[in-house]
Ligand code: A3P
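Listed next as structure tokens is one chain, alone, in the form predicted on its own.
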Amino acid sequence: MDPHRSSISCHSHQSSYKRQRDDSGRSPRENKHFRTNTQHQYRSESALGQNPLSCRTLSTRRELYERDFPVYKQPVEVGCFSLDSERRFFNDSRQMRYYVEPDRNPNFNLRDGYRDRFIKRDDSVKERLDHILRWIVANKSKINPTGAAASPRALDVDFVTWRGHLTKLLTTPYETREGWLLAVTRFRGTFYISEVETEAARRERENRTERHEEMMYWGYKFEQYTCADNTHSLPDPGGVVNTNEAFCTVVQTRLADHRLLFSGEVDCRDKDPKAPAAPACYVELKTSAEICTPKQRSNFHRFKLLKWWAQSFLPGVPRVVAGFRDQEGVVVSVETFHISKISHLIKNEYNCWKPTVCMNFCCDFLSFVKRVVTEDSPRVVYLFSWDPYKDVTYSAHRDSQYCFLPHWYVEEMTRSEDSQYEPKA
């Protein structure tokens, strides 16, 4: 029997939350595709009334999440950090790069440098949440709860995680190939979510073909062609590509009643000094195979744009610049996709993904976690498991291989918390 599976099944939903505006700028009441909030709230309460304590799984069926878009507050950048060429953490923006717009048909050779100017990060090393936790320790004053002396909570947020983990949740209702494992620990009132590599992902990583490895490099090479180290310089495509280096934003936001703190890598920012403040000045860079047929365009809309949208919508990055390349790795065209317009771009695709389904599933998963993860201890991990076409299940583990909060973080946060209650001399 699979140790990650539970035998009891029940479909559960939380009350819906109004979204201020849909993607067309209209309120939900003006859009016939939205159910009224009162109708859904009645159904939710009825479902929860069917003994929610027995709900050991969460359904991923898309139709269950087609309701009003939940409230998602504009993400606010509360900080950033950098990782250098040796993966060392710095509490600053030294790795920030600046976008230099290329020609529409640039003919960039993405294969250049793969053999002799490429330092690849060791992706067998699992960093878990360590870099985010280092940022938290260095910036506790930015996220401490107000009136902390009266609160048992060490941080004024419900969830701490990577943006990539939330992206996986958003895309889950439409994912048909790759499952996931998410470890959750509740510590001082905050839920920490860290991914665990699945066996299938490990096998894929260890058995990649040389072609696959090179194509992964192409995305980083495209960044090198379009990013400069400062506002007054130009890109240096003759330099070394080192995937250890990274600049990461840290944002705070709220999805319905879930207060989120998460971090994600940022490719570059707009070099215009009049550009809006972060995260609205950030630019995401992508590569994709050139589109030559209607079928390829449909697949691009249905699959690739889903992940691009989810990844950028979460932290509030407004645009994706895509380099379309041929089979030889030469970028033949460049196109900009504005995140706010992607839902309009896909609306005519048959059976396509819906942003509201993505966000409502993520919201319900976080509610599911809050209901399930009751023990507050860094020694306890609740492992949430999902495979395509299945429900989300979970299992609990104490002092196991899944523990991921490091001792230095637990000790530092405990010491900081305890010092608040020490009597003043």
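Numbering starts at 1 and follows the sequence shown. Not measured: the values here are computed from a predicted model.
There is another form of the same protein, the form predicted in complex with adenosine-3'-5'-diphosphate; it is not shown, and what comes next is about it.
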Note to self: So if I measure heavy atom distances to adenosine-3'-5'-diphosphate in the predicted complex, which of the stretches 179 to 187, 348 to 356, 270 to 278, 285 to 293 falls within 4.5 Å?
What the structure shows: 285 to 293
Note to self: Considering non-hydrogen atoms and a 4.5 Å limit, which listed residue (Gln311, Thr171, Gln95, Ser263) is close to adenosine-3'-5'-diphosphate in the predicted complex?
What the structure shows: Gln311
Margin query: So adenosine-3'-5'-diphosphate isn't shown here. In the predicted complex, which residue out of Met215, Val330, Ala228, Ala246 has a non-hydrogen atom within 4.5 Å of it?
Written below: Met215
Notebook entry, point to check: Contact between Tyr72 and adenosine-3'-5'-diphosphate in the predicted complex at 4.5 Å, heavy atoms?
Noted result: no
Check: How about Glu195: is it within 4.5 Å of adenosine-3'-5'-diphosphate in the predicted complex, going by heavy atoms?
Finding: no
Check: Can any non-hydrogen atom of Gly164 be found within 4.5 angstroms of adenosine-3'-5'-diphosphate in the predicted complex?
Finding: no
Checklist line | adenosine-3'-5'-diphosphate contact at Glu223 in the predicted complex, heavy atom, 4.5 Å | finding: yes
Next item on the list: Check each residue of 66 to 92 against adenosine-3'-5'-diphosphate in the predicted complex and list those with a heavy atom within 4.5 Å, in sequence order.
Entry: none
